[in-house]
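Each of the two blocks below gives one form of the same protein chain as structure tokens; they are labelled structure 1 and structure 2.
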Structure 1
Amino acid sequence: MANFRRFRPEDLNKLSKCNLDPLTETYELGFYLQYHAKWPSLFQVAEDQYGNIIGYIMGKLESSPDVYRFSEHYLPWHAHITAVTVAPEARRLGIGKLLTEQLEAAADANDTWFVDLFVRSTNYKAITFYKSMGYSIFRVVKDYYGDHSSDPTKSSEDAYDMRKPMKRDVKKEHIREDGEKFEVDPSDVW
């Protein structure tokens, strides 16, 4: 039913199964191509037997700029999951998990300390999913999102910055047990 492979730009013509879903954001062309240009092995897709893209993950490798080296918010070399999505018809088959595992393998291959991602604090389904994969909350970014996904009376929503340590972090120095208690401002997040 599916193939996993590296993203190719022509896949952008076959995104409808994923991107017509209101939960999946559609970006400008340059955004997708930037990931393909800079981190091609971290942009993976799942395609069905007809060539439709039924899931994809976009990730990057980075660390905070050197100027922040002595800041408490400094992020060492790590992989970041920018987007992961699975088409409605392809859910409950483990595709999201497989894509995430592939990105983690690439993160290990690039000797990163951890993989991180941001998720809305009310997206319980996603939080449970990431926790089941070994991610934990590292910190809470207050009012990170400029809208609220479930409460129209609110004008913002917190993000959880979730992390999973990679092989390099033998001593588990880059995760914490009680991340929910560490609150930061969006300006602290690089």
Structure 2
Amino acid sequence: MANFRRFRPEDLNKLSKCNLDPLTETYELGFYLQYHAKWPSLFQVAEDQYGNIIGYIMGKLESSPDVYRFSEHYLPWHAHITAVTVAPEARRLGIGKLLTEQLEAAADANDTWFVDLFVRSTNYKAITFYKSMGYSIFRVVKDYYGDHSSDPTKSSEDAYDMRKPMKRDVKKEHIREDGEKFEVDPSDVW
């Protein structure tokens, strides 16, 4: 049984089990603390009965700067999942789903249009997971990742920008069904 709660700074030393997955981005300590300081309700952990962190989700609330309001790449008020990961021994128990649902509830409470995230285009398990939760590919960000997770001869990897509409987006204006056909450069993503 997992216990879900907000991240605390002392948890930083307990994230290793989750961050050992090669598809999980690991950040500098200050990055985690910045999320804790700015968006504490969107930084949740799951811990086992011994207090070990077995999963976490980091998110934020944002929109593009107003100067880009009329750009085709403008992003209105939304929640962004920066990272979600579950330790290998705790997978397939619904922890990732519960963490994601908690973030989505916070997104709705903050009246966002959608939740988005970036996922490696070769991370088929994660893509299947997100699709099962109602996310769809909005666009392909070419060469988003500066490395390739499965082919050492390649210097970069594309990302899928996946989105799920929130209650505010009644008309589903911020999603599309054929997102795989829309390619953008990393410089188009703010």
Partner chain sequence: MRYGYGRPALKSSVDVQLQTAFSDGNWNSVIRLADKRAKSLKDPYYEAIKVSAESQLDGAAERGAVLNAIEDLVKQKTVPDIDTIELYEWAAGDFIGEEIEYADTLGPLRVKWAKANPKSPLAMGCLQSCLEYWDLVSAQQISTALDKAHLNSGDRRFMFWSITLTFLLSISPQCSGPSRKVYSLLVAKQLERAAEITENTPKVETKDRGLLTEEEVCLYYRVLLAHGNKDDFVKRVRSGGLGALVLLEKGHKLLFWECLDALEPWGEWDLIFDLCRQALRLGVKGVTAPFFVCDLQVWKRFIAAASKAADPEAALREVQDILKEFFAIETKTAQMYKKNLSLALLESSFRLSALAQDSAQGDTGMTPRVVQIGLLLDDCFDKLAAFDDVKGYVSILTFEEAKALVDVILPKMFDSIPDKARQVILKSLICKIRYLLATCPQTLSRHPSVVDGETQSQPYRCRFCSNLTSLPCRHCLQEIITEAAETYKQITADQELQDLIPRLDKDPRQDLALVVGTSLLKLSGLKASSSSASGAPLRDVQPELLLQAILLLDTQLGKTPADNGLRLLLAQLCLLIGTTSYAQQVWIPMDVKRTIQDALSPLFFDRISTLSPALFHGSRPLMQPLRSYYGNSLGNAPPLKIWDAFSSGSYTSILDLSKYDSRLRTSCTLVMTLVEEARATRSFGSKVDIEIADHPLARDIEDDTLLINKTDYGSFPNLEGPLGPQIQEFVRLGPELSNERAHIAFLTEQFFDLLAYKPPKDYKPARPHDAAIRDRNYALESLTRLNHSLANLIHIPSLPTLLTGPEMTHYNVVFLLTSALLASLSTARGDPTPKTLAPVTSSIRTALSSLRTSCYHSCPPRMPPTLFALTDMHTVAHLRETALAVKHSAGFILAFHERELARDRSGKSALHRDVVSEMKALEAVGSKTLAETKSHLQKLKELLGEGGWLDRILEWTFGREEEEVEREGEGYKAAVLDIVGGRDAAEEWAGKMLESWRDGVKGWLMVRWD
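Please note that residue numbering is based on structure 1, beginning with 1 at the start of its sequence. Nothing here was measured: the structure is a model prediction, and the numbers come from that model. Under this definition, the rigid core comprises the largest set of C-alpha atoms superposing within 1.5 Å between the forms.
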Pick one: is 1 or 2 the form predicted in complex with the partner chain? 1
Is Asp169 displaced by at least 2 Å at its C-alpha between structure 1 and structure 2 when the rigid core is overlaid? no
Once the core is superposed between structure 1 and structure 2, does Glu25 show a C-alpha displacement of at least 2 Å? yes
